[in-house]
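Have a look below at one chain only, the form predicted on its own, in structure tokens format.
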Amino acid sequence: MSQSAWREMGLSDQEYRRICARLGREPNLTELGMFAVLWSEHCAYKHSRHWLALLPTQGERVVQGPGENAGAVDLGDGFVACWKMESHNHPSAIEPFQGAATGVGGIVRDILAMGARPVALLDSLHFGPPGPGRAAYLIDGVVSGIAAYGNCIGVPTVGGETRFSEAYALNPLVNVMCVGLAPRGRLARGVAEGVGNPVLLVGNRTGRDGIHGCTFASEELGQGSLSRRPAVQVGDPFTEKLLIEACLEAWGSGALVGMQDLGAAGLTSAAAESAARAGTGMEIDLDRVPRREQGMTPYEVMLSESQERMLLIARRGREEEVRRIMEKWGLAASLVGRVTGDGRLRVLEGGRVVADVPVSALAQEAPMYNPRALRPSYLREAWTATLPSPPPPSSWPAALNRALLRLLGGPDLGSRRWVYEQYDHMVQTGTALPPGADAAVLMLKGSRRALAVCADGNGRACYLDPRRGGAAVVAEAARNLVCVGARPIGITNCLNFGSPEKPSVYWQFQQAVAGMAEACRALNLPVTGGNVSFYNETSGRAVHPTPVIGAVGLLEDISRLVRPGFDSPGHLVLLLGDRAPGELGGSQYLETAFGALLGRPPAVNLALESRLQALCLDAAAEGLLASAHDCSDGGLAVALAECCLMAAPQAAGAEVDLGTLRAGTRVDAWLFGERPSRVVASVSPGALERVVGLARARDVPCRVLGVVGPGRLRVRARGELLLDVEVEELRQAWEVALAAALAGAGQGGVRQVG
């Protein structure tokens, strides 16, 4: 076999020699392709598995941790929640609509493979600066793809985030999370158990779309990337909807022992991974695989990533029962193989063996790498850079008003209504708190309990300090759950980085995972699974290191749900948590007002963060919080403004006094500086004493900032007016921000160190 063959498939010379040694011979083309996809970075986690071991995976509610199609936690009342997050970054950069749509379809099937009904979708989207042309094409295509697929299959898209930075202009990040519910004790597993049990392939026919999609996701984009469009799968959401109902019915019938989705690496990964989990083998007869194209080779059939397909392992003698269920839903079900006991994946065509390899070699023996890591040189300059001068006192409040309006009127902090109104977020009638709040909340029908979910990432902070940024994004995701009254019970992740073969990128990855691990342990948050997406760079330019956290929380009583907007005039506005002024390093304010990405983001005081979250849960459980909102991007002023913008109509304003500012503290740092472990809350005057008592018991600072009132947001310090702006003026800027940016308004560059 020519040397170019394995190199073109993404294998190194050393890896090819390792395969030959394991087989005791040279692989044929089909076998080589099977190794190439399962030993790709996307499937094998060759550069990340060592460091992922730092993350804690055990918890009192964890039912299923890493290693299966999705993680699962016990919610009580007979419910189990399953959730998983995956990336579809490269496909979305090439073909945004289908790349995003099939990202949704794939993550839904991961949840389906657990025997759980998909009940919610979330997404974390990172794009370049919005504007006409390619930027609008990517943004509109991705959002439309998510909407089209999710709406068609009847799964609500209930939350997420959309961020913009020049770092993602050439390589957008499209991370999609799905949440499902299953009865306790009825979870499925992706296992090919029981020698002699029949293996059925159900759903769509197999075509040539998506071949080598996972190896495509394990390499940098470049000048010729558009030619990789055939590596992008094509979705069929209507078939997916049928597949959901048919597979859930088949699992409920007791006729199956396992289910496995056909995603990355297609039939190769589904067969090898399900057999490897069970310690068995599998024989596949390609003559029985339904195809939608003529002349497909064994190589193409085994590597095809055609969508809407599942591999079902039935109990022997019950395969016809499974077929009848599939036919009832209008789906094809083909008996393509059987479980064997020899530990090998054997592929036949025309009665001839065309591939025969050990299952463990494919699924468990990919080489692990831990290359050199080196702190990027740009950090020294970034951390020591001189910050822009603050507005002089003579310009207050006009200059500070303009800064707040610019933040809220920019695409980064403006309303995301243009995005989430394209999604059906009320289908299935379980959405109690829709998009726009700190977290979405889903009702558990027949129970007083509810499930809260959110997705958060911050590439800006991780670029400037990946360890601090990694810890901060975990803390923020948990804090967002707490702000709606839910106790965080587990997280998943999607870790988006450039090439791990570059020492600076690998250092960023190591540091981010270490920061995440510290935060998870401090906050008692188990990690039930995740996804690593490397090689997110184009022509040598990497995205910001961007770990995204998908978190779930349990609300014991849905009547104690807390919303982010101020509720009633006369309520007191509180700042719970860290009382120190915010820090401008790595802040949204510096990027928006000055076009500067520099400084060092603040570290998370994880002990205080844990106490703050416990305080919020105490107060919410007692019904003391009229509102609560995380203080993050844009600092205290933006958090206050958002509480006004999301307020009840009669309570859309606030009078706030920050008191005496510390000597030498910049006023813009007090207003727009960012600092973790802060929550803006409102309470009735009668609840203040109890909240103060709870805060004292938890050793959490609690400060009365002011009072809720109609019409305006006014902020003073020592009696001097800092901000004075009508809420309606804020709303006008906030509501149209994203649509205006997409139309081409408000474009500007960002000065980035590095």
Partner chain sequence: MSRAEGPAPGREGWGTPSAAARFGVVVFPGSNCDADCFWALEHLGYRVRYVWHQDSDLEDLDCVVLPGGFAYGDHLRAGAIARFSPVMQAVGRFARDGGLVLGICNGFQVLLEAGLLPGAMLANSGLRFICRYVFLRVENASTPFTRLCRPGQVLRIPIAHYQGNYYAGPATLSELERRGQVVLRYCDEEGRVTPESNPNGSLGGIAAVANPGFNVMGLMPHPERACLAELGSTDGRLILMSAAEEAVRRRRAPQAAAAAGPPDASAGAGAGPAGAAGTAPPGAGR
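Please read these numbers as outputs of a predicted model, since none were measured by experiment. Positions refer to the first chain, counted from 1.
This protein has a second form, the form predicted together with its partner chain, left out of what is shown; the following refers to that one.
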Considering non-hydrogen atoms and a 4.5 Å limit, does its partner chain approach Asp424 in the predicted complex? yes
Closest heavy atom of Phe238 to its partner chain in the predicted complex, within 4.5 Å or not? yes
Check Lys445 for me: does it contact its partner chain in the predicted complex (non-hydrogen atoms, 4.5 angstroms)? yes
Consider Pro388 of the chain shown here, and say whether it contacts its partner chain in the predicted complex, taking contact as heavy atoms within 4.5 Å. no
Among Ala450, Leu400, Ile153, Ala366, which has any heavy atom within 4.5 Å of its partner chain in the predicted complex? Ile153
State the residue from Ser499, Asn524, Ser504, Gln428 whose non-hydrogen atoms include one within 4.5 Å of its partner chain in the predicted complex. Gln428
Taking the partner as it appears in the predicted complex, which of 570-578, 414-422, 486-494, 303-311 has residues with heavy atoms within 4.5 Å of its partner chain? 414-422
A 3 angstroms or greater change in CA distance between Arg731 and Gln650 is reported in the predicted complex. Closer or farther than in this form? closer
In the predicted complex, do the Cα atoms of Ala651 and Thr162 sit closer or farther apart than here, given a shift of 3 Å or more? closer
